[in-house]
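First, one chain by itself in structure tokens, the form predicted alone.
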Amino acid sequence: MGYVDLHLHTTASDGVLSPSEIVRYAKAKGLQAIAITDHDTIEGLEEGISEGEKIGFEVIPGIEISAEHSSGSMHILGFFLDIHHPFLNERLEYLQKARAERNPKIVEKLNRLGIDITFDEVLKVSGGGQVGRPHFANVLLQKKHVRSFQEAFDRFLKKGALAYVDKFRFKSKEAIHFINEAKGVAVLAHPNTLGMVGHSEFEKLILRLAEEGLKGIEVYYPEHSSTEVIQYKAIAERHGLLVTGGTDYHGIEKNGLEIGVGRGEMKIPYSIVENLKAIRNRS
């Protein structure tokens, strides 16, 4: 059996490759299956699934939802979604409206700082997909307002920076609920971004999320240390949660990051996909 990557982004959110391109690239790299998990949108899934069917490659319909969390960043992955489910689509449409209201405010803040940037320029960089902060960063870099992508975030776009505008987020319970309603399997993404201090506090959070309907933890992730992997896996097993993993690949090599393997350390077996399918079939 081959290996899989269960955390990938496309041009439907802030990735560089189109859904079709990332499917073909994954197959060329020898993977057996992938999950497309764009931020707060399922817009690229039909294209990705169709391309997978065309070339004989398994594409799992997924999503990555930002959820409220005070101390850091919480993202919930959803796998094997019914992408036509009306409640899922209604909730995501609500998110798109909130995002559409946020983006002009970022432009306005940048303009007040004396930075010549228009929303049309940002929209063009996005390729017509969902607009997010990475697209603002790319425009700032192209127009030489910053020297690097990271500088754009550090000076202007990250939380607390000069042009940052907070975005609407669902509560974790709401995000998990509409993933489950759409027959999906909800998994906590990259727990090291939660900004939590203390092993016991994290475990308390996991217990709460499990009560809300969480089914797994993304244990294998390029930014997780070997110690974190051991800890997250132990907590998942202790509470009967699935272990998943993915690279969070956006189509660009970030410090040597590559689809399917991260920085060479990742080999996620297909058995994890089988475990996800088993959970979905039971619900």
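This structure is a prediction, so every number in the text was calculated from the model and none was measured. Residues carry their position along the shown sequence, with the first being 1.
In what follows, reference is made to the form predicted in complex with a small molecule, a form of this protein that is not presented.
Residues 68, 91 and 173 all lining the small molecule in the predicted complex, heavy atom within 4.5 Å: No: none of 68, 91 and 173 comes within 4.5 Å of the small molecule in the predicted complex.
Residue stretch of 143-151, 204-212, 114-122, 82-90 approaching the small molecule in the predicted complex, non-hydrogen atom distance within 4.5 Å: Answer to the contact question: 143-151.
Any non-hydrogen atom of residue 132 within 4.5 angstroms of the small molecule in the predicted complex: Because a heavy atom of residue 132 falls inside 4.5 Å of the small molecule in the predicted complex, the answer is yes.
Distance check, residue 158 to the small molecule in the predicted complex, heavy atom within 4.5 Å: Residue 158: yes, in contact with the small molecule in the predicted complex.
Proximity of residue 21 to the small molecule in the predicted complex, heavy atoms at 4.5 Å: No, no contact at 4.5 Å.
Proximity of residue 167 to the small molecule in the predicted complex, heavy atoms at 4.5 Å: Residue 167: contacts the small molecule in the predicted complex.
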